[in-house]
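Read the single chain below, which is given as structure tokens and is the form predicted on its own.
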């Protein structure tokens, strides 16, 4: 695990902050440009259009990466930013008023780690509960573009906790963002925060300061964010300013009222959402128009929070027949981090393809169905829940042949 060039990164972060301050008016919840041809915009969120990934490499370019904000993107000066670590799970039990503090320079002095992993909103695919199954759910009506894979570079959270004085009594670790407080029904629940068990925190979680080899952009957590591999994106808190380490279980709005599965299959207080489910998507415009009786290469990507994808099958006739898709290598990505091959990832997702001769003119439905290494396969119907989370059913992708 190498070290980043501290001077280079500090200069880049300083330049990024100055440029952002000069350009940012503060009138929009998202800082970066959100072109209509590349994103679906929904209030404070921006969903990637899948057609932008056709011909792209393994990693999603930062410009095309989806944005999930509960409120709005804060613009933070890394020069004055501090990380405060406190709580009853640390030696001496420092408080939030007098925490153990780290600067960005402190983090850059520690050995770094690069993790290639997917970030996916727990509500990705929510709209299909309504359009395919007749069970509408509140919240952002994502299709399948609330997902992105990037190379995240930062310091292992275990190293920071060790230096802060982690004790054996610690049970929960809760990163807290610096975003504006989230208000619902007149109640201010404060900035985004969500606890994770100390065992997960010590396993593979990092505090990232780079994304695809460059400093984190504001919308993606600048200057430092948590990355919790394999878990729903809500756990990967952006703009981290504090971390509470507790000897007793911790709670927040985001693990009690939201990001839980409620409904008849989930009795009592519901089921906490941690990991993600199996999904597939075509790198193709929704409702695309294609020429009749012509060769066309269908391409797409499949992924799972359980681990690598074992196989993907594709149907071009609405699910009556299925053909095995072929795994494909990713094209090079210029922004790949130092020393990392652009597609060297431990199964963040599988890129696949299938040659197709388009049929006669008419309307058709394409489907993709993936199976991961645990044997979990996308079902025909997803189990409904009140929040519209974790949609894992096969999605019918409409096309018109003309």
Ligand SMILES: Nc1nc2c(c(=O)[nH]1)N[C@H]1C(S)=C(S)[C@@H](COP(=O)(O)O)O[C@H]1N2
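Everything quoted here is computed from the prediction, not taken from an experiment. Positions refer to the first chain, counted from 1.
Keep in mind that the form predicted together with this ligand is not shown, yet the notes after this line are about it.
Undergrad: Contact check in the predicted bound form: 58, 310 and 349 versus this ligand, with a cutoff of 4.5 Å between any heavy atoms. Do all three pass?
TA: Checked in the predicted bound form: no contact with this ligand for any of the three.
Undergrad: Let me know the one among 83, 166, 155, 121 whose heavy atoms come within 4.5 Å of this ligand in the predicted bound form, would you?
TA: None of the other options qualify; the answer is 121.
Undergrad: Only one of 236, 117, 127, 212 comes within 4.5 Å of this ligand in the predicted bound form by heavy atoms, so just point that one out.
TA: Exactly one listed residue reaches within 4.5 Å, namely 236.
Undergrad: 109-117, 261-269, 299-307, 172-180: which one contacts this ligand in the predicted bound form at 4.5 Å, heavy atom to heavy atom?
TA: In the other structure, the partner sits against 172-180.
Undergrad: Is residue 220 a contact residue for this ligand in the predicted bound form, using a 4.5 Å heavy atom cut-off?
TA: Residue 220: contacts this ligand in the predicted bound form.
Undergrad: At the 4.5 Å heavy atom threshold, is residue 65 in contact with this ligand in the predicted bound form?
TA: Judged by the heavy-atom cut-off of 4.5 Å, residue 65 is in contact with this ligand in the predicted bound form.
Undergrad: Though only this chain appears here, would residue 369 touch this ligand in the predicted bound form if you measure heavy atom gaps against 4.5 Å?
TA: Residue-level check for residue 369: no, no contact with this ligand.
Undergrad: If we define contact as a non-hydrogen atom of the residue within 4.5 angstroms of the partner, is residue 377 a contact of this ligand in the predicted bound form?
TA: No, residue 377 is distant from the partner.
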